[in-house]
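Next up: just one chain, as structure tokens, the form predicted alone.
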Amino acid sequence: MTLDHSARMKRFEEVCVAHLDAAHNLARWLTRDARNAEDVVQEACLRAFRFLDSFDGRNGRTWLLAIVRNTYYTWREKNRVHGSSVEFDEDALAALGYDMHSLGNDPDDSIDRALKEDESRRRIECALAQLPPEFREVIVLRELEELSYKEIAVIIAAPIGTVMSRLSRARKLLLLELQATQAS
């Protein structure tokens, strides 16, 4: 069913406007630049409006964030903004002296606790900005936007097991970044 323009505008407002802060937050973390984030969100909103008829009516936030994510990757390719791809090799990191067993098991390194501590927030934001986009996005969606694994799976178009695995690796990489900044 195709809606007329005013009905489309009303439907767009109902589905998307309430989630623009989350969309901008995700775009800002992915692009690492407020101006580029605005461009990505603007393009994502145009896409959401254009494809509003394909919205299934279930979860507007998840639908819009998936569009923002996809728009970011299109924008990145178009602008040739290539982040370094980081493989997560626990054996190699252990060989460099990192204690891989204690990562994620030590309550003092808990990302949840660190996010709640104001003095740690700046360090966490700097460390998070250093992560490759595929790890940064799952941390932002889970820890900052508080989405479920199922919602994240829809947004990144991956199985829940992949979300859980990527989130675990992202947390470990984030902790390694935090340890590196703390040591310097």
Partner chain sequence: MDCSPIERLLDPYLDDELDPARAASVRTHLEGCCACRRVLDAMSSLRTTIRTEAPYHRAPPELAMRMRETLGRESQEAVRTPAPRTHPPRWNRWFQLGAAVLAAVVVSTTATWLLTAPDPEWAIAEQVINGHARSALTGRPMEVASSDRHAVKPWLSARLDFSPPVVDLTTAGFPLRGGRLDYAAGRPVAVLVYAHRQHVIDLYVWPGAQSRSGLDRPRTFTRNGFNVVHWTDADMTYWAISDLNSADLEAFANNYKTAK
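Residue numbers count along the first chain shown, from 1. Being a predicted model, the structure only gives us computed values, none of them experimental.
Another form exists, predicted in complex with its partner chain; not displayed. Remarks below refer to it.
- In the predicted complex, its partner chain stays beyond 4.5 Å of every heavy atom belonging to Thr162.
- Taking non-hydrogen atoms only, Asp53 never approaches its partner chain to within 4.5 angstroms in the predicted complex.
- Using a 4.5 angstroms threshold between heavy atoms, Pro132 stays clear of its partner chain in the predicted complex.
- Put simply, Ile156 is far from its partner chain in the predicted complex: not one heavy atom of it is within 4.5 Å.
- Heavy atoms of no residue among Thr31, Ile67 and Trp75 are located within 4.5 Å of its partner chain in the predicted complex.
- Counting a residue when any of its non-hydrogen atoms is within 4.5 Å of its partner chain in the predicted complex, the hits in 32 to 47 run Glu38, Val41, Gln42, Cys45, Leu46.
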